[in-house]
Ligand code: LIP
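First comes one chain, alone, set out as structure tokens in the form predicted on its own.
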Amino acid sequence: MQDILKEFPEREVEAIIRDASKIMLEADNHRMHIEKKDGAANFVTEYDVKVQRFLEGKFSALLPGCGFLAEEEGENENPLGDGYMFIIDPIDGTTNFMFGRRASCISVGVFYNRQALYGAVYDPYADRFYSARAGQGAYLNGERIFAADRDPSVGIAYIGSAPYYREKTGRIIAETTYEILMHFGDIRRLGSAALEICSIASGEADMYCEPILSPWDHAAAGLILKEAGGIVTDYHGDPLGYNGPSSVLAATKASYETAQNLLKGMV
């Protein structure tokens, strides 16, 4: 893995992601074409597709033979294979993006022979580029970042609302919200799982949970948080997989046990 890390073209990957973000920044929120996907409040815009196609084209040229698991293509039975695999969310926070709320990002997780190698999450509106290499720490715009070490009773918790599955998860989320509010300092909802997890990595928050989340939402941010000293599992404490949706709990070490105890029986 160390040899692969030395060879991995991180600067070129970052440059491609930054170039792709120009598609987001130039979008006309009043004239974009929007399609509805399966599930409630599940949308895709022409810009999601444009960003994804741009990234896939550039990454394929950079690393010929690489594979992709991307949101606008869907999951398959065995997304992670040998060689390089990119797990992409072209615009995480599509609903925010549609309404002109500047809380959206590009998320790119890179795996090699089924192992997490590199993660990048870029918020072009704030020009915040989160990144991490396996075993080499997490960074925000080139500066090392670390998860906070504070008691959850004064910490910030993010709760994902899983709107695509609301018929199944609505009551779970309502009960979770009450429990979290009683044990954490306060609650937030940003609308982008990748940015919420990265905010834990940078010390701005303490916990994030969502009962059903897809791999492209957490593949990059999960590695970034781990490299910042945090913990990412499902609600039961098991490592996250990438073959389909699962529950996700991301937290600082100081908040993880409290959060997991609250969530264990929820899914």
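Source: prediction; values computed, not measured. Quick note: we count residues from 1 along the sequence shown, nothing fancier.
Not pictured, yet referred to below: the form predicted together with the named molecule.
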query	finding
Location of the named molecule contact in the model of the complex, chosen stretch of 116-124, 179-187, 156-164, 140-148 [non-hydrogen atom, 4.5 Å]	156-164
E227, heavy atom within 4.5 angstroms of the named molecule in the model of the complex	no
4.5 angstroms heavy atom contact with the named molecule in the model of the complex for I91	yes
E210: touches the named molecule in the model of the complex, heavy atom cutoff 4.5 angstroms	yes
The named molecule contact at A193 in the model of the complex, heavy atom, 4.5 Å	yes
